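Shown next as structure tokens: one chain only, the form predicted on its own.
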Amino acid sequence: MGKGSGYGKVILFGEHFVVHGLPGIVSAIDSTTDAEVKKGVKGLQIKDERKTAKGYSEEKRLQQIESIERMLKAMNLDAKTPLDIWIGGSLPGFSGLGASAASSVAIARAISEELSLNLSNEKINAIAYEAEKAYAGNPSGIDNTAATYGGLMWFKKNPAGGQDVVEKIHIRKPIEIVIGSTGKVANTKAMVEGVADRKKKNPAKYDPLFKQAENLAVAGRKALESGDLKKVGDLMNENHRILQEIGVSSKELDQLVDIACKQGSFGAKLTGGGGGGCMVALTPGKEVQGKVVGAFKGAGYEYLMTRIGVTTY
């Protein structure tokens, strides 16, 4: 039996904007998707035992099968190779946490081990990127990179298709966060296409917002590296406002952000594609983290207590 894991992630700065070649900051979180793979007898047999938002597994089922077939092709294997695949782990299947990328990395690593392919991290990352096309259409590459390597990273996609810029950001120690889930499954592909369409139709509104988002990512990196977490939080709040303006937030996301800020979170914003899915609150220290969790519980939202900046795989 082959085994593998992939990190979940949160995007601290730059979601949607990274697709268009602007920089973003992504962090792996202290939660993983784990996979086990055995050679099968007939077709793909998938047993998915992750905790998920209602309807997540059903919504993603066809995309999941396509993603595995894409992985097999990228490994130069027959797309119909019979495999028994189990998926579990501590990372819940909430939209916005890179759950699809984490599972792709975990499955790719498990297949590599079971079939003795000895694939490098670089190759696993490239395979997971191919798999992500089934879920996101035109993925930025940020999710699979975080899922593969862990850590906290500065990411800039090369729109021409060349090498992406990936630089490790060093912080003194991992930082506590709370992720709040709206309970709604988001369609990342539709959200990404919607932003691109609106940007094309209204460049006068969107171009300045995209420039602001770029400036926020640059300032966010400086604040993280210097350990100024209050500044990081302020910049996250500002990033959320811009994401509202480009039409990717939702009533539930805004409510979760508002609750977190009222409970002393340093900053909060949606994370990932938006339109549902999750938000992230910066909550250094157990006391602030506990207050935010209590308020989310009281409002009936699911949550995940975890940390950013966890060590590389």
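Computed from a predicted structure; not experimentally measured. Heads up: residue numbers just count along the shown sequence, starting at 1.
Beyond the structure shown, there is the form predicted together with a small molecule, which is absent from this document and is the topic of what follows.
Chemist: Name the residue from 152, 142, 127, 85 that puts a heavy atom within 4.5 Å of the small molecule in the model of the complex.
Modeler: Contact residue from the list: 142.
Chemist: Just one of 192, 213, 134, 71 has a heavy atom within 4.5 Å of the small molecule in the model of the complex. Which one?
Modeler: Contact residue from the list: 192.
Chemist: Look up in the model of the complex whether residue 18 has a non-hydrogen atom within 4.5 angstroms of the small molecule, and give yes or no.
Modeler: Taking the distances in the model of the complex, the answer for residue 18 is yes, it comes within 4.5 Å of the small molecule.
Chemist: Under a 4.5 Å heavy atom criterion, is residue 275 part of the interface with the small molecule in the model of the complex?
Modeler: Result no; residue 275 lies far from the small molecule in the model of the complex.
Chemist: Do residue 12 and the small molecule share at least one heavy atom pair within 4.5 Å in the model of the complex?
Modeler: Taking the distances in the model of the complex, the answer for residue 12 is no, it never comes within 4.5 Å of the small molecule.
Chemist: In the model of the complex, which of the stretches 59-67, 30-38, 249-257, 266-274 has residues with heavy atoms within 4.5 Å of the small molecule?
Modeler: Careful reading of the contacts points to 266-274.
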